[in-house]
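First, one chain by itself: the form predicted alone, in structure tokens.
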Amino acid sequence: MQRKPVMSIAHRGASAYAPENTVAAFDEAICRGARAVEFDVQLSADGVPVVIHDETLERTTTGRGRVKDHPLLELMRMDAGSWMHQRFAGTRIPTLDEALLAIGPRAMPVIELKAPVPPVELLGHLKRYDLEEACLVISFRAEWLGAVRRESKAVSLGLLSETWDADLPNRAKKLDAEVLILHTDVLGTGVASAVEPLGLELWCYTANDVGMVAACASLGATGIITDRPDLIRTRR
């Protein structure tokens, strides 16, 4: 049997090499061969989608407090790079538009919703750059994905889960999702055979060494989310 190609998806950009969820990390991911780039979206106090993983600012920026309590202009003044290395000092938190401009022409944007971005607004950003049919929107929150699906049949969806149960593929299918994304800890024998008959792709997160990448591929994952996208050489 012919094994399916495995796609490299950069986790928050090439976050092993550049500050996560920044344009520097997105550029690095593409230079290192990523076919897709995953990033996280929160909302600023004035309702602008911005790219940052945590609800709070302390871990990856010079800011303090919750992302949603700061307007965009305040967020843009924060340093989102020096925490990793001084050479990244001055790196900013990107907006969703900036992320799409950095990634969209060269790789598939994979947008993880960390906040309930209004679907009409999200799709407006995607349509602006002709990316509605060329991106993947993912979330642990099925209701957020359902709201996006009701607004668009063109956008692709992916349901994330840290755990496995036999009904999970059916829940993804009910959302009209294209991808089921599981933590590497629960990606086991038999999962792919439960997922593939429903027409779903199986992805996993987060594999950061050669052994784990090989194990995920052998268990049927066709997309591997990784901080080190150069570990995976996609066969075209």
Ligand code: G3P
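In this text, residue numbers run from 1 along the sequence as written. Fair warning: this is a prediction, and the values are worked out from it, not measured in the lab.
Just so you know, the form predicted in complex with SN-glycerol-3-phosphate (G3P) exists too; it's not on screen, but the next bit is about it.
Only one segment in the set 97 to 105, 78 to 86, 148 to 156, 112 to 120 has any non-hydrogen atom within 4.5 angstroms of SN-glycerol-3-phosphate (G3P) in the predicted bound form, and it is 112 to 120. Among 68, 53, 173, 32, the residue placing a heavy atom within 4.5 Å of SN-glycerol-3-phosphate (G3P) in the predicted bound form is 53. Taking non-hydrogen atoms only, residue 40 approaches SN-glycerol-3-phosphate (G3P) to within 4.5 angstroms in the predicted bound form. Interface membership of residue 140, defined by any non-hydrogen atom within 4.5 Å of SN-glycerol-3-phosphate (G3P) in the predicted bound form, is confirmed.
At a distance threshold of 4.5 angstroms between non-hydrogen atoms, residue 160 is in contact with SN-glycerol-3-phosphate (G3P) in the predicted bound form. Although the partner is absent here, residue 221 lies well away from SN-glycerol-3-phosphate (G3P) in the predicted bound form, with no heavy atom inside 4.5 Å.
Contact residues in stretch 7 to 25 (any heavy atom within 4.5 Å of SN-glycerol-3-phosphate (G3P), taken in the predicted bound form) are 11, 12.
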